[in-house]
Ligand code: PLP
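As structure tokens, one chain now follows by itself in the form predicted on its own.
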């Protein structure tokens, strides 16, 4: 079968494949500690579930929505963004719009499609989410990677971004809180990033803020456009209910950006998926978003406890030099290259997949190889499973990492 060169060049989503593999092994009766999943193992808020149940009674819940989503919900989500980011109340009233899509991945895909011509460059901050480079590639663009490391808690240097700029650079994807590192960039960093953007007036920012509500150490995330509102004129804010409402399977994300960009994203959406899920939109229209803070408090406490477990077990196993303080989202990157286990590997090659496979085969633990996040010889773990299984899994990991 003659497939297109476009699809031949794409890689499968490693996170999706690992989740499927873990579920398959569990179904076979094997004890698997799934640390690869990027979702909370809890049900959404009962109040939200009730809103969904209520909307099942209405015909419109089963019919097409407008391509960009229901107008009332788009306005509601925009107002919510203004409130939580402490922006002027009228900031989005002129020349801005909102589009609702089938998850934040869909939102970013549409945004890149609206911006990127073949040969355009997009700056990625490594470690980055696995889908970014593949989506850029699909639209004919190229990724220009700015790297960071565990010594700086995976916070990239602004000066490295300056060096990465070229005449072909069109956009930069900012992901704070960061998946996979589990950190968010400080206010000082964001202020410096705003200066960098002012130096590059044609650079567009896709600000992936999907994890902004899940932060378990103060100060909370802040964003560059809060310190210079004019930067919103070339910013695409991306958010979703996937993490904040523990609703990854309901597939509802949204973007707020200048109207011209939103209109272009709507053209792509209209010719591919059409409008997003009507039932979930209608339920969300009737749902009080102020419930989110109450819902997320125990979630944050749980993730903070698992992060503390990780810190203590690394410390007791003399692996403290491999640890950094995660602060948000629910991930942690393990750097294999500085552990005793790694002495049996060639240091100038990437062995992330080999190590991940050994952890699965020998310890029954699924992790996501760091290769696909742009960070060789590492792996991402999620801090979301129940406390006791998480403790057991980390004990197994530190034993493996210390085995020569």
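Residue numbers count along the first chain shown, from 1. Predicted model, so just to flag it, every value in this text is computed and none were measured.
Unshown form predicted in complex with pyridoxal-5'-phosphate (PLP); subsequent notes refer to it.
Checked against pyridoxal-5'-phosphate (PLP) in the predicted bound form, the residues 215, 281, 242, 148 give one hit for a heavy atom within 4.5 Å, which is 242. Exactly one listed residue, out of 110, 255, 326, 179, brings a non-hydrogen atom to within 4.5 Å of pyridoxal-5'-phosphate (PLP) in the predicted bound form: 179. Heavy atoms of residue 129 reach within 4.5 Å of pyridoxal-5'-phosphate (PLP) in the predicted bound form, making it an interface residue. When pyridoxal-5'-phosphate (PLP) is considered in the predicted bound form, residue 224 lies well away from it, no heavy atom lying within 4.5 Å. In the predicted bound form, none of the heavy atoms of residue 237 sits within 4.5 Å of a heavy atom of pyridoxal-5'-phosphate (PLP). For residue 154, no non-hydrogen atom is located within 4.5 Å of pyridoxal-5'-phosphate (PLP) in the predicted bound form, even though that partner is not displayed. Stretch 101-109 is the contacting one of 101-109, 155-163, 310-318, 194-202, since its residues have non-hydrogen atoms within 4.5 Å of pyridoxal-5'-phosphate (PLP) in the predicted bound form.
Contacts between stretch 197-213 and pyridoxal-5'-phosphate (PLP), counted in the predicted bound form as any heavy atom lying within 4.5 Å, involve 208, 210, 211, listed in sequence order.
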